[in-house]
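Form predicted alone, single chain, as structure tokens, below.
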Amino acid sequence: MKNSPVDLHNLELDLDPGLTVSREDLLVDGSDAEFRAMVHDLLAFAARLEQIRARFGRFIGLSGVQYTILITIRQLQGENGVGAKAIAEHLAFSPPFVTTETTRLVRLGLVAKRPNPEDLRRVYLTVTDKGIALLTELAPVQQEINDLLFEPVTGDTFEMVRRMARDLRASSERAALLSEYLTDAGKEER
């Protein structure tokens, strides 16, 4: 017998493990069950995004992270190129990690680097013609997959979803810092 996914939206638990949120906006009839179901939906969506990103990368012979950095360089490079720090901030990666991965992309001939004339310790990165060719080859596949992935988003809801994603990113960065502080402090008290 095939396992079917559990519908977290309609799952009722016998034991209340305690509320995971306290804001009234996130509770339905005093319960956080809908909130927890939403979080699990977002986790599943994030996992699918990671799978798809890895497949995009594999399609052009890269890891998912390398693909993401390559397409981000193309997006941010403008006329002069973009620095590793800006890429790291845009993707919420560490600058040393971005430097390591961009070095690999340079070795593959997909990214070019040139000195930043204002600060010779830094470099500007741009996607090479070879990198553009790979991204162009991927584009029709990417387009079809993204159209399906974001099928529920309509012209009427796109701006709201885009804004919500941006705002959730910002609040998640603050929450990650708080979680580090509270969980480390809690560990010390045990």
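All residue numbers are counted from 1 along the displayed sequence. What you see is a predicted model; the values in this text were computed from it and never measured.
Below, we refer to the form predicted together with the DNA, which is not included among the displayed structures.
Chemist: Does any part of E118 reach within 4.5 Å of the DNA in the predicted complex? Heavy atoms only, please.
Modeler: E118: contacts the DNA in the predicted complex.
Chemist: Please determine whether G81 contacts the DNA in the predicted complex, using a 4.5 Å cut-off between heavy atoms.
Modeler: Looking in the predicted complex, residue contacts with the DNA do not include G81, since no heavy atom lies within 4.5 Å.
Chemist: In the predicted complex, does T72 come within 4.5 Å of the DNA, counting heavy atoms only?
Modeler: Output for T72 is no: heavy atoms all beyond 4.5 Å of the DNA.
Chemist: Are any of the heavy atoms in H90 no more than 4.5 Å from a heavy atom of the DNA in the predicted complex?
Modeler: H90: no contact with the DNA in the predicted complex.
Chemist: Tell me, out of A37, L27, L135, V123, which residue has a non-hydrogen atom within 4.5 angstroms of the DNA in the predicted complex.
Modeler: Partner contact (heavy atom, 4.5 Å) among the options: V123.
Chemist: If you apply a 4.5 angstroms heavy atom cut-off, which residues in 81-97 are near the DNA in the predicted complex?
Modeler: G83, A84, K85, A92, F93, S94, P95, P96, F97, in sequence order.
Chemist: Over in the other structure, so in the predicted complex, do E89 and E159 pull closer or drift farther apart at the C-alpha level? The difference is 3 angstroms or more.
Modeler: More distant in the predicted complex, by 3 Å or more.
Chemist: Did R163 and S94 drift closer or farther in the predicted complex, going by a CA distance change of 3 angstroms or more?
Modeler: More distant in the predicted complex, by 3 Å or more.
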